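The chain that follows stands alone, in the form predicted on its own, written as structure tokens.
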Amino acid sequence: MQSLSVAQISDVLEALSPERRETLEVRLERWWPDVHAGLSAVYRPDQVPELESRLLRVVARAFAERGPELARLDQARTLDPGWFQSEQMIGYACYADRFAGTLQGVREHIDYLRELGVTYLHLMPVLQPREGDNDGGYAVADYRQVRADLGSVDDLRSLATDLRENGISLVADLVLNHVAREHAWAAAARAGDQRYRDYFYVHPDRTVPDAFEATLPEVFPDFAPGSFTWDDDLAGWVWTTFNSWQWDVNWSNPDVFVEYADIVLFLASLGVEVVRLDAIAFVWKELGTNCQNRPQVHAITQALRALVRVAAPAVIFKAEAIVAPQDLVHYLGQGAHHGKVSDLAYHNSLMVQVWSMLAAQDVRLAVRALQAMPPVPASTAWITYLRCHDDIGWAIDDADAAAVGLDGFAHRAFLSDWYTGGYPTSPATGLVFQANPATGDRRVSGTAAALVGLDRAVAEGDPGATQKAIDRLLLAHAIVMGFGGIPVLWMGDELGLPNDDAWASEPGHADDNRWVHRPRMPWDVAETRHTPGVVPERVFAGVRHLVDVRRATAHLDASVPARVLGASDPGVLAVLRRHPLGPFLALYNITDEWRAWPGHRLVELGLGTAHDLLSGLDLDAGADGNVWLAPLASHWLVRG
């Protein structure tokens, strides 16, 4: 083991049983080379030995303190490292308080999650944020305390235990790029402690900040322009990518790495099984760049992941990197980092293209963009999703658009108009978020139901439009669930919840219209999911059917890549998966009209008579040689 002496932890080893000691030693032999390589790519040669020595003790202590139940889970996951790739995985994401009030409230609604088929629960930030504005909880003031209104650390541990007993993995956020101005590190820096001042990027004047600003994009141009903030207590300009009260931490300082390694292992000790690495793309700063997606980010992640593999191999990493596809694949591992960084990453491109297809009723841009996605390691998986807590930014590549005869700028403008109801025939009722006059960028907020036109159809009492909106919503969910990876439902989408008209009335929300798609769960409405004919029942039943079929379909294991086929008809999306059990072909008619798909292609793809798992019927070519697809229809086809 490079640069490693196990003798440094002899006291920890002596306290372990022979079996546990051997397990730790074997894991160190397996994973420490990845730790060493990652650290060596980021830190100076003279810094690495001491850093490794400190980290070895952190990891050994975490291993020794791992309880019997979690230690057994570690062993099980070591034997089944692809557990998260299973077709059984169904995700759900929510704010704990908006879902059920408290962590105890979440425990009381585990039966609801089980009914929906959930096996992966992402609770949005639960750690203690700063008071007042806190970016939805992403301005963390204490990584080792739970928000007081949600409960305690013990409540979080108990929730994780109950979820695990019900086959549900807990997902928690770890903000890597910044802390709240009120965090203890920042408070010490403001008090003059040089050790903690070095945890941040602080400059006495605008010389260095101005040099960086020349190439830095603005994340929140409306309410947080620029990337540096003057702080009187520091007597300097501190780096603040997101908000003035979110201070970027300095990962070039080895002390910062040690702090976060210890925090990750603390979360693991509570029973967190998936750590969402928030804002990971931003953690390394380099002059003359946009300070996103730098190679050092992946080296840091590799080292952190390898450390966790030693102490708690049941835990996996999920990268929150909403970046261009060519950059995104690096978060799942490319080149020297192949399969060594995050295990999961958000398929932002798929999400954007689903909404683009539904608005344009044309799949050709999506086919072009999705076919261009580089392959990712077979040991990883995408997070596929239709909505999340955030706004939707129209990440449409100009070159992709031009290749199918579109103007990228014009298409992005069209999507913004369409989903905010500004286009004449649009039924959508979303809101513009963070319009940027300089770039023309207009992101969009709104629930999935609002964006497909369900809100408007219900308000206008139009049964035909209501059914069409539900069909459109279920089609979108089918694309997400049939793509592979872990499909994640945003809270309320399974019920077709509308926009929250009172979103601005809560303190601190008025300046951030993303709260329009973050309603509090109306449990009285949720109870109607079993009342025949009402909208929540129709949507819930449709989503649950997709979940049931997905969980019974081995072809959807994430280790099998999805291949987007060329468009035989611009209104039909075709996605093929080559599984050892045989081919799986998903066909989606994203238009409001009947569409044809060439029947001979079924034979060419090895399907012959194709059986549709969603309807339970066989799908055959008609007299004209075509397979005819009903408006907004979804088909998951296997050999009949």
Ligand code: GLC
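Start at 1 and count along the sequence shown; that's the residue number. Given the structure is predicted, the values throughout are model-derived calculations rather than measurements.
Below, we turn to the form predicted together with this ligand, even though it does not appear here.
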{"property": "This ligand contact at F242 in the predicted bound form, heavy atom, 4.5 Å", "result": "yes"}
{"property": "Exercise: W230 in contact with this ligand in the predicted bound form, heavy atom 4.5 Å", "result": "no"}
{"property": "4.5 Å heavy atom contact, Y138 to this ligand in the predicted bound form", "result": "yes"}
{"property": "Contact of R514 with this ligand in the predicted bound form (heavy atom, 4.5 Å)", "result": "yes"}
{"property": "Single option in R130, R77, H109, H389 placed near this ligand in the predicted bound form, where near means a heavy atom within 4.5 Å", "result": "H389"}
{"property": "One residue of H347, K318, H178, H555 in contact with this ligand, assessed in the predicted bound form (non-hydrogen atom, 4.5 angstroms)", "result": "H178"}
{"property": "Interface segment, criterion being heavy atoms within 4.5 Å of this ligand in the predicted bound form, picked from 288 to 296, 145 to 153, 275 to 283, 451 to 459", "result": "275 to 283"}
